[in-house]
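One chain is shown next in structure tokens, namely the form predicted alone.
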């Protein structure tokens, strides 16, 4: 199994059980077909997205698991944030349909060939996809919800964390009984 991958791809050994390789958008389907045909990596167990906003790209991670569940192979594929479409894997892996729906809703990525890219968890959502880094969660909550207004526990989380860290540091520095 691993010998085929090492012969045909630039395989990156992450750990004894985890391997990775980088593919382009254009190579993705053919590479997955070759891997599922010639190795025992037969299950798509995860589909992830990382938003590299500073580099103007998304990195998708397709995690494959072998039949014995003893090894994992991550295919990484970068795409431009402004041209966010990928081919759907739903014909290769049935579970990809749901994973792609989630990434579509949370990041705005289109998956060509997936006909189920409609409301998934965010019914009627009409704002920036909420997992994109330019989405301002606090501004959204403040603009749409007033349930915390006037409550004594409506505190700025960042400021409260700073205060608690300072208090913990002060308590450490002050000897007990002083």
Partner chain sequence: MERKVITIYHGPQHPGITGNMSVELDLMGETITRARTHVGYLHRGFEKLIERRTIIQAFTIVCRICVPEPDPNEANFALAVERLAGIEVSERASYIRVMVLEMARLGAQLLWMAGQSGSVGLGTVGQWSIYDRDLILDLFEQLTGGRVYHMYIYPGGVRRELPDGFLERLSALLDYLQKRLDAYDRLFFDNASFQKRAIGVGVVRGEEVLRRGFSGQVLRGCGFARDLRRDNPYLLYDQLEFDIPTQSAGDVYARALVRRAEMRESIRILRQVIAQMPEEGAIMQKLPKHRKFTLPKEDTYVAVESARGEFGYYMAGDGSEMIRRMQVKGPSLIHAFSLLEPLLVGEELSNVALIMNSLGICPPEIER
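Positions refer to the first chain, counted from 1. A quick note: this is a predicted structure, and the numbers were derived from the prediction, not measured.
FYI, the form predicted together with the partner chain isn't displayed, but the following is about it.
Though the partner is left out of this view, residue 120 does reach within 4.5 Å of the partner chain in the predicted bound form, counting heavy atoms only. The partner chain is not shown here, but in the predicted bound form it comes within 4.5 Å of a heavy atom of residue 106.
Using a 4.5 angstroms limit between non-hydrogen atoms, residue 80 is distant from the partner chain in the predicted bound form. By the criterion of a heavy atom within 4.5 Å, residue 38 is excluded from the residues contacting the partner chain in the predicted bound form. In the predicted bound form, 47, 48, 49, 50, 51, 52, 53, 54, 55, 59 are the residues of 47 to 62 with at least one heavy atom within 4.5 Å of the partner chain, listed from first to last.
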